[in-house]
Structure formats: structure tokens, C-alpha cells
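Next comes just one chain, in C-alpha cells: the form predicted alone.
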């Protein structure tokens, strides 16, 4: 059953009491909060996620409110993972961003049976395309455009690879656009559902895009990677794609992994096999229509 199939009253009751258990990719996450504004945002943005009320949750997360010691008339929100707080409290208007960051942290720190790459991942014609990149490269913005223009979203943040089967597991989550990209995407993709803009976060202004329903419905379908593309948005630059050597791609990909060193030899072999089985490129772009043409040409030639 999807969240949109239950009334808001029941949705809110679950958040308040035993927790709302949702399937997010290969993980079940139990979310609890009594903060009503966050509940309203989640009901809108999580509506296509699947409820898993009778299954075990790998992560139990909560957003709680608290009074500040120095200013008891002001209220903040705090993220809890299994009852523990991994970072400081934040202004209440940032509750959704704090929840999403907290879930990301839980996955990055606690999941070590999979190789976790800092990469957007989409699928086309049965093949996955990886877009590994450092923050500020525009990978989430590019990923948002692609998954609303014919590609299936696996993730805008995590490339989850089974190191034994060499397959990528989908984990489609809210896509956090930042600063100038918010207005750009609102204009380019007027059909999307986007949450309210959240100003003054540690990453500037953030607004979350709801993933396409079809990507969530297909979130149990894995994919094998065929292309690894390191993107970089540069204002005014025409789309340009350039093949790179396996050695350069290996170093770039390994440096964009969360747990490469933790996995040791398993991580090394997984990245090496991935590089050998994929075509690797660097991509510079600024115009979405232009970059779509370049990617479709690459896919069609294959």
C-alpha cells in the first residue's frame, strides 16, 4: 500500500505513535515525529512510497522539538537515530532537510555490505548510468531533469552497488535542489512536485523534488552499469563529453566512495571490475536540451 492510499489522519497517527515505516530502496525506515508542519510536508512528498508496517526497519529515525537553553521561547528541531543525536539542533523550518540529511548519514555510516558511491544513478534501456561528482557539480540538478525526461531514477546521491553481483540497487529519494537550481528546475520542469524552499541551511536554500512515481514503483529492479560519467556544470558551456582512461576513472570513482576503504579488497575489486565493464567519460554542460542530445546519442550508439 502506498502512503497516498491512507487518509492524512491515519498517516499522522502513525508518525505520532509507532512510527511510519516506509520502504526506501532496499531499506525500511521507521519515521516518527510530533512536529505537524513536517508531517504535512511528508504526506505530500512521500505519497508514492510504500508502507511496510509489518516488516523490520533497518533505521529508526525521529524529529523532535526542543527548547533552547539560552532562549526558552525559541524552539528547535533535532534528528535522532535509534535515540541518539548525531548532530546539533536546527531551526524548525529546516525539519525536512534535517530528516533527509539524517537518513543519508545513517545509510553512509551504517551500510557496509554494499559499496556506496557518491553518485547519481539513472537507468535507460536496462543499463545504469553513473554520475559521480563532488558537491557543487550539478549532479542532482542533472539527475532531476533526466528522471523526468525518460530515465528511471535510482538515486541522486547514492550509487548502491552489490559488490558480489555487480548490480546497482535503486534507492529513489527526495532530490534536494540548492540555490539557483531551484528556480531553474521550476521553469524547466513545471510539472514536478517540489516542496517549499528552505532558506539559510548549511547548504544555502534547499527545496526537495518528489521522485517520479514510476521510479518508485520499479525500485526493486536492479541494473548493471554501462556508463560512468563525471559531470560538471559550467555556465554558458556547450555540452562536451570526453572519454577518459580507466586509471583516471578509477581514481575519481574511488575518491567518490563513502566506504571504499572500509570494504578493503572487496571494494578495490568491485571498483576495478566496474571500471573495466563501463565506458568512462567527463561531461561539461550548461544547457539541459543540449546535454540530453549528447546522452541520447551516446546511448543510441551503444
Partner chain sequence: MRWRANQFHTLLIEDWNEEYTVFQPDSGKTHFFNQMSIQMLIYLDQNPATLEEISTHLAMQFQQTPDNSFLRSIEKVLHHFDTLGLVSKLHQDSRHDDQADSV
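In this text the structure is predicted, and so the values were computed from the model without any measurement. Positions refer to the first chain, counted from 1.
The discussion below concerns the form predicted together with its partner chain, not included here.
Considering its partner chain in the predicted complex, which of 241, 234, 272, 64 comes within 4.5 Å of it through any heavy atom? Checked against the cut-off, the match is 272.
Of these, 49, 35, 43, 260, which has a heavy atom no more than 4.5 Å from its partner chain in the predicted complex? None of the others qualify; the residue that does is 260.
Is there any non-hydrogen atom of residue 68 lying within 4.5 Å of its partner chain in the predicted complex? Contact with its partner chain, no.
Hey, which residues along 244 to 274 are within 4.5 angstroms of its partner chain in the predicted complex, non-hydrogen atoms only? Residues within 4.5 Å: 245, 246, 247, 250, 251, 260, 261, 264, 265, 268, 269, 272.
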